[in-house]
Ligand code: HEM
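Here you get one chain, nothing else, as structure tokens; it is the form predicted alone.
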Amino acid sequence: MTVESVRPRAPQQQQTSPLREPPLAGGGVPLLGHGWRLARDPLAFMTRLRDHGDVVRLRLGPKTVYAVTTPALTGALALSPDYKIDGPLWESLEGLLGKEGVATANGPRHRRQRRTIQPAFRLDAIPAYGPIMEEEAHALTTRWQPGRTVDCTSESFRVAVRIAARCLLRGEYMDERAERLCLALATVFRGMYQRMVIPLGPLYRLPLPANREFNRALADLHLLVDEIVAERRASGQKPDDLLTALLEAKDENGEPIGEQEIHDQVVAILTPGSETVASTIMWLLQVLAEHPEHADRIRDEVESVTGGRPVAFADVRKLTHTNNVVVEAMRLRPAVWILTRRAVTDTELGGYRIPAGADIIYSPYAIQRDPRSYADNLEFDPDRWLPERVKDVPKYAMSPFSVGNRKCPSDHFSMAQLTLITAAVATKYRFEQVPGSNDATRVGITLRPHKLLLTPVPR
């Protein structure tokens, strides 16, 4: 299965009735609106919204926000020019991502930036990264010692950051920085999520301990990026990588792009990508421990493909079940569980009136667990992605890399490394959770296990 292979349902009849006002969700409180419920139990809250309708009004502090709950409408939202990247999520991320990087830019700037970075992620460019992905995946299994506890958070971040840095930035210096990135991102994303759901503005500027911790972590992330760019400039080297492409990129007038845009672009490469890939690796390790029968099937599949040699990048396309395990893990525990857009004009969505400037919110987590789209929706079932069954999944019910002009450019890059890492670790080890491990879902801007601790057991 590929994540783009789900088929669309038959199109619905075009709305001919007058546009309606979306229903207002119950349970809001003065001042905070629904923000307290979104902060208290966000996954359950977003999941239950489907019971109120296809589009539902929420109050986050003083703001009215529109929640979209169906696959078809999330696809329409992503593809329509009536909406842009903006809203509570992106406002909360602005301190990290800035305003000039590909993650947050809109319009001509975004199109130019995608043209700059897209060659690094073309399908025919990915095999060149294969040796690095292989080396890092097998180094992970070599570093782990049988019977010794593995901290899955730090290990997942280390491998995700090292692959991104070595493939895209040609960085051989990322061990210590990977640990810094891991710790700082956990603090920053937790604080940014709080600022998104409870937008209290000036209160976050008070010199409170949590605010000081957040500001220190954010400053260290930006310092880390400045160190990477400065070291490349000082080296005088111009390897054929994404960082060189950024340093030599031109703007719409043919002038070199500014330092802030370079900075924001490197942030966009290292931080959201590393965070989402690392979170997915954590969940894959949890899956291997919780579902040993699928770990055994991965091991058998790899051995049938490789004949007993170490799994290689060239084997990835043949590892059907391994790939399906990755996709199913992303369905049930998507790293990016909430997304927002902003209407740029008066428009409509599903027959509901959406005013210009309105913020729209939707949850891939809720969409991908909807029983209307998936039989046994809460069951871990990688075989649902086999060709004979995937046709039953509605289009846009599984879009972990988004769609349209905001589709993640690194989708094939990410899937290749996730499949290779899963194959490498499952072939060498079985995994057991140890006392003190907590695989409950920790909600921030992304989803991670709270504290996943595993013991590798040799096969």
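For every residue, the number given is its place in the sequence shown, counted from 1. Keep in mind that what you see is a predicted model, and the values were worked out from it rather than measured.
Heads up, the form predicted together with this ligand isn't pictured, but that's what we're talking about next.
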Given this ligand superposed in from its position in the model of the complex using nearby C-alphas, should this pocket be scored open or blocked (3 or more ligand atoms within 2.4 Å of backbone or C-beta)?
-> open
In the model of the complex, the residue from 302, 268, 246, 225 with a non-hydrogen atom within 4.5 Å of this ligand is 268
Pick from 418, 424, 58, 55: which residue has any heavy atom within 4.5 angstroms of this ligand in the model of the complex?
-> 418
Per contact check vs this ligand in the model of the complex (non-hydrogen atom within 4.5 angstroms), the hit among 426-434, 399-407, 33-41, 66-74 is 399-407
Contact between residue 121 and this ligand in the model of the complex at 4.5 Å, heavy atoms?
-> yes
Just to confirm, residue 273 within 4.5 Å of this ligand in the model of the complex by heavy atoms?
-> yes
Is residue 110 a contact residue for this ligand in the model of the complex, using a 4.5 Å heavy atom cut-off?
-> yes
Exercise: residue 322 in contact with this ligand in the model of the complex, heavy atom 4.5 Å = no
